[in-house]
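One chain comes next, on its own, written as structure tokens: the form predicted on its own.
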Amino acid sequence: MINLELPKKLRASANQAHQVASQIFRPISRKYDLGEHEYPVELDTMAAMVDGLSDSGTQKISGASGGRSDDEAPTTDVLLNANGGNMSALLNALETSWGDVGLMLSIPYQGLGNAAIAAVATDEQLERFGKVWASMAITEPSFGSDSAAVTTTAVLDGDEWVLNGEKIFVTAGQRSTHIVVWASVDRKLGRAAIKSFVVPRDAPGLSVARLEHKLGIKASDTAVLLLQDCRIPKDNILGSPEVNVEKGFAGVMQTFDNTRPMVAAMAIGVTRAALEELRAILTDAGIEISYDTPVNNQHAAAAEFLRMEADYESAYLLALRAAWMADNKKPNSLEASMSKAKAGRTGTDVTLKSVELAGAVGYSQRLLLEKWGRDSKILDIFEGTQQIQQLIVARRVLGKTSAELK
């Protein structure tokens, strides 16, 4: 029999994250939704807490660990069952996003670039960049979902890399202390030459061109970054600087195996928030939601709620599986994309349907439902759109390459 109950140590961590979401994020959620680009000063407390937890070793809250774990995993394949940094980070992301996903994306040391560093960095680099707040810069004006179309360049000049290019839609691009930038070391070699570079905020040649005004996650700053002869140390390239044409794009793409389940968790957190709010509204309206009565014999709103709750549960389990595989060093590219696709689609469906079923109060700003409807859309877009995830899943299932199935 499969036991899907969370281990005690993970329940404690998730409960603490939920308290942060409930006591800190929810009360200020509307304030920073209306005050776009205003820095949430309440997060300074979070920075101190995260730093303290990291120093004490009691909790991994600063992003996925790339399958690295301080705990020794069992030595036999049969008994291998580690719950490490990826699972802990996923649950923390879920709970804090239940409070406010924009604020969650603004937590110091919780940037998507932290997961990228953990996925690709050497042990020495992981030690050096272990306590930075890293955003991730991939998208450019010339492309969106096709990550292989990077035009930003990195040229080695003595002991420094010189980066040139423009990056758009960089989450926490102004507030983070470091940015993980995707750039090509030799554009003639195609996607195999794309590498990740850690660029400090104060690196010469790095500047913020503007902040974007957005549909949702307004508490999070989204920046356009310019790299103009930007110089960084030679050893700030993540992983090996060698270009392996046979391995191709696989090196930097490992980043997504970590971050996609994290984004799925964000969508799941927002979905759960909407379902809880909707249940309360339906109950107050005298609509009973029964798990014993066939849906065709229930109120239409109750039947719709049960359908959405089932989708929520499946998205949750897919995300847990993807994170568990990462912690246990199992290839999880297929599962990461499956979890991201399911959770992203479910998030937009549930939040918007909840706005609809709640009627006038759902569309107003009296509740956070309309905000969650706006916030959820980005979770189906960034880290790879719904269509890209389904394409990746199809390639994995059918055994096709990117050239064979486009």
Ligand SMILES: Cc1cc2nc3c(=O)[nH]c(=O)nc-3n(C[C@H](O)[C@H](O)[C@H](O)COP(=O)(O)OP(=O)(O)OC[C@H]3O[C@@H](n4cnc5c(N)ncnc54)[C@H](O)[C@@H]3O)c2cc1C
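Residue indices: 1-based, along the sequence shown. In this text the structure is predicted, and so the values were computed from the model without any measurement.
Just so it is clear, the following notes concern the form predicted in complex with the named molecule, a form of the same protein that is not shown.
Of the heavy atoms in R191, none are within 4.5 Å of the named molecule in the predicted complex.
Among residues of the shown chain, S88 is not one whose heavy atoms approach the named molecule to within 4.5 Å in the predicted complex. Mapping the unseen interface onto this chain, I138 counts among the residues with a heavy atom inside 4.5 Å of the named molecule in the predicted complex. Using a 4.5 angstroms limit between non-hydrogen atoms, N244 is distant from the named molecule in the predicted complex. Residues of just one listed stretch (359-367, 341-349, 37-45, 374-382) have heavy atoms within 4.5 Å of the named molecule in the predicted complex: 374-382.
Shown without its partner, this chain lists Y109, F169, W324, Y316 as candidates; in the predicted complex, only F169 has a non-hydrogen atom within 4.5 angstroms of the named molecule. Note on the partner interface in the predicted complex: the residue among A336, A115, M266, I217 having a heavy atom within 4.5 angstroms of the named molecule is I217. Within 4.5 Å of the named molecule in the predicted complex, a heavy atom is found for none of T122, S240 and N328.
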